[in-house]
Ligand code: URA
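Okay, here we've got a single chain as structure tokens, the form predicted on its own, with questions on binding and movement later.
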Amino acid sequence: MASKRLVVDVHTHLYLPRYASLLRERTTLPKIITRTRDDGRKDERLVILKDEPSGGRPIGPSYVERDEKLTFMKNHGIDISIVSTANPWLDFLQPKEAHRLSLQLSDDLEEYCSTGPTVTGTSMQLYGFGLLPIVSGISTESLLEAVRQISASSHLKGLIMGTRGVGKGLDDEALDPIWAAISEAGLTVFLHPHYGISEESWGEKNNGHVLPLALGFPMETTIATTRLILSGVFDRFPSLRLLLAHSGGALPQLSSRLASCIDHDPIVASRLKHDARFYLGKLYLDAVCYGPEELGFVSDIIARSNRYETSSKNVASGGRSSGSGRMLFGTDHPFFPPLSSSERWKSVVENLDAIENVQGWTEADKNGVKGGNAISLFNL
């Protein structure tokens, strides 16, 4: 694809019809419930977190139907979307059912994307992240089969994954064969939060889901990614491509503190080939929910990573511009919709404005974050 000015949304979700039907059948969380409004009309609500305000979030066609996704894209100038099943994925299922459904949903997603419209030539408007049935008790062979299916699918560019792993977290060495297979296949892992952190942290005052979503989700991503770094997974699998939701949470801000703590722990330090700050340059980050100052800061942190390679003789960072190459645009659609159907979604407008106003980024850098980086990463 010649143009590098296309807008590509790498953080956009859906619930495929097969998955939505499963949620409607369930009586425990997660589930879709039907409520009768005061005017007698029926509406569906999705309940995925404990104590959801107002009995869950209203859902409609935008959560399921492809035409709604395409309309949203058209209305907001988005050329390509890489769609993924939203949390909680398959984490609530038993291994056998999770394995079976993962294969079916990857097939469903391949059809969803491959039968959609094109942008130019043979390039599609829709691509996807498949599902890995990464639940406690699942066999390695079942996970490898899911990876092979995603790899063989023309329009699936990677997989979305939560942070729990197969019972002991993503840093469990039992997952090494999976990381190896993902790396060899050239797939990208989109790491996305769901569980947050301990509920006791939020206190007794009713703040809805502001604290769990604004702080809990990013901290969950921060902890999971840090555990991966400390486990040495990026040394064992240097070609592993990991895309973090929400710009990596607090990891960029805490990376020097992390490195200092590792220096004072010889057991942990002995596991790693490089300073912890080096590994931030191995990550890809979406640009969801950040202003220009935060995006610029994160870009600086990525850019300086080359200074922390063990054999590096660099004393200067690569500069804010070079750090932009690992950042990608996302919207988190269809979550957090506007109050009026005529309004533009803030998750699009504010994120694009943030990208546009980062000091020190060239027009080429901004176009890269909006779409060019994703085009290169996913070979679109």
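Numbers for residues come from their place in the sequence shown, where the first is 1. In this text, all values refer to a predicted model and were calculated from it rather than measured experimentally.
The same protein also exists as the form predicted in complex with the ligand; that form is not shown, yet it is the one meant from here on.
Using a 2.4 Å cut-off against backbone and C-beta atoms, the ligand, superposed onto this form from its pose in the predicted bound form, places no atom that close, and the site is open.
Residue heavy atoms within 4.5 Å of the ligand in the predicted bound form occur in exactly one stretch of 351-359, 330-338, 32-40, 64-72, and that stretch is 330-338. Contact check for Ala276, Phe278 and Arg304: none of the three has a heavy atom within 4.5 Å of the ligand in the predicted bound form. Proximity to the ligand in the predicted bound form, taken as a non-hydrogen atom within 4.5 angstroms, holds for one residue of Ser231, Gln149, Asn87, Ser183, which is Asn87. Here is the short version: of Met219, Leu93, Ile262, Leu213, the single residue with a heavy atom within 4.5 Å of the ligand in the predicted bound form is Leu213. Using a 4.5 angstroms threshold between heavy atoms, Val47 stays clear of the ligand in the predicted bound form. Among residues of the shown chain, His13 is one whose heavy atoms approach the ligand to within 4.5 Å in the predicted bound form.
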